[in-house]
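So this first bit is one chain, no partners, the form predicted on its own, shown in structure tokens.
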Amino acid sequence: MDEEMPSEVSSVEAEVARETWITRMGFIFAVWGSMTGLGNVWNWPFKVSVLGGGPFVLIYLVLLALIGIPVVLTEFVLGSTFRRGFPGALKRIHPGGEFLGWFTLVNAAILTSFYVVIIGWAAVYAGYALTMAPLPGAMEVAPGVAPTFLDQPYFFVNVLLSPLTVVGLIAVWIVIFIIDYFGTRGIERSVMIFFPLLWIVIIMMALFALAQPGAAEGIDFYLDPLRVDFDYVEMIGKATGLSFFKLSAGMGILTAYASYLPRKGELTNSAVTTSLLDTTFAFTAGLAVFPIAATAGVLGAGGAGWAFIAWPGGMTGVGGNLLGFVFFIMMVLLGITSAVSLTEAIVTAVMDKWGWPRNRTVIVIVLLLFVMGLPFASWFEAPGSAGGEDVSWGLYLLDIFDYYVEFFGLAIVALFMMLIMAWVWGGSKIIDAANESGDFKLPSWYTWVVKIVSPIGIAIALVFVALQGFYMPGVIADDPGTAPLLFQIPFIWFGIVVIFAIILWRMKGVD
């Protein structure tokens, strides 16, 4: 299993001149920006609060060490060793690996297309929070009275049923295009600004939150293990999934970013540092949002509905529209850093395979992803029989694809990537490559972590994802008439991704 492969990086074409990060800190910040997305503000805190508080955090940290960080390190090794994006790097281990690479990036393209739509909502919210301008539309607070940012859910419904969804989409894509057009230089310079700014914002929000009257109640809701009767099986399953879902694993991002490291760039410390930075930011976000949510009287909600309805609606007596503006600007910046990395993973793979220059590649990929996002930004009202409570066709389509693209897709890719790297290429090679220039050396027994522990952990998470996706009521809609979709949608999604992955895999390239 561990013998030398003839297509490894000793080949001439693997030594082609390649962009590199200006500094090691720039690489770490860029990876952290990719990991730290919208979910750190609404998804992580509420999973902690409903799954066991402090004990859940401890279990998560253990699984982060056994599953999350090994996956991150393995992707770093893949990109750094073969100096290619995800498909090209896997191809050098096994020809069939390229198919998994394109499967990953087609799935990531769908994810990016609707992820940027949500960032667009946040951008619209930030603008209206600052101006407090009324938003006319389908739902009014009273006859003839248009809602403002603080009037929820009226405002949210009017955003969804307004062309502003497309305006926000365009605005966000312009920023992503500008950053990615300049490659590693653009990404590195942007995260050097965003990284300290986001940390200043979240720390200031946490300090403000802890001074609120509801601080004790909020922290108790967040971390008290005795508040809920938790299920250790569910807790471990969800913590296993989060231990790599939160770290940009299974998207090809970490491989692409590591491919731009200088020769023998440091990997071990970078994998640990970025993973802990992401977790620390998410934990701090919980300290910020729960005391404010308790004071505003909106504890107990979660997900996008909390971020776009409960939180703005509860801001009247806490920080008003200015706190809402800060919150949604933070969401926009967090979202952009992740969306840039998703776009770059695709751009890197296309440049590698077809030899296109960056400027042409970025233009084509951004336009393609923008067009793919238009259905998710559709503001036309969805009939109740089809859309349930999803209001617009855009939100209905987003709900359908989100679960399967984000959870099924990432788990499948992460599992097979670990199997290919640890068993086809060789677990000992992963450790040797990481130790070659690492700030600290991994012990030889760590080989079994990447060969056994991490793949089993991912497989367990995949089982939980599958069971929840097929049997949890209301994943797609509350209307019983749509129940068959619970069984049809994953096959539709899988078919789309597989077909396009095969086409891209079989196309002739220069790499």
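For every residue, the number given is its place in the sequence shown, counted from 1. On a predicted model such as this, the values are computed, not experimentally measured, just so you know.
Form predicted in complex with tryptophan (TRP): not shown, discussed below.
- In the predicted complex, tryptophan (TRP) lies within 4.5 Å of some heavy atom of Asn40.
- Remark: Lys246 counts among the residues lining tryptophan (TRP) in the predicted complex, judged by a heavy atom distance of 4.5 Å or less.
- Contact between Ser34 and tryptophan (TRP) in the predicted complex is found at the 4.5 Å heavy atom cutoff.
- In the predicted complex, no heavy atom of Tyr257 sits within 4.5 Å of tryptophan (TRP).
- Checked against tryptophan (TRP) in the predicted complex, the candidates Thr348, Thr112, Thr81, Thr274 yield a single residue with a heavy atom inside 4.5 Å, and that residue is Thr112.
- A heavy atom within 4.5 Å of tryptophan (TRP) in the predicted complex is found for one listed residue only; from Ala377, Ala239, Ile292, Met251, this is Met251.
- Heavy atoms within 4.5 Å of tryptophan (TRP) in the predicted complex belong, among the stretches 189-197, 112-120, 437-445, 422-430, to residues of 112-120.
- Residues Ser338, Ala339, Ser341, Leu342 are the members of 323-346 with a non-hydrogen atom no more than 4.5 angstroms from tryptophan (TRP) in the predicted complex.
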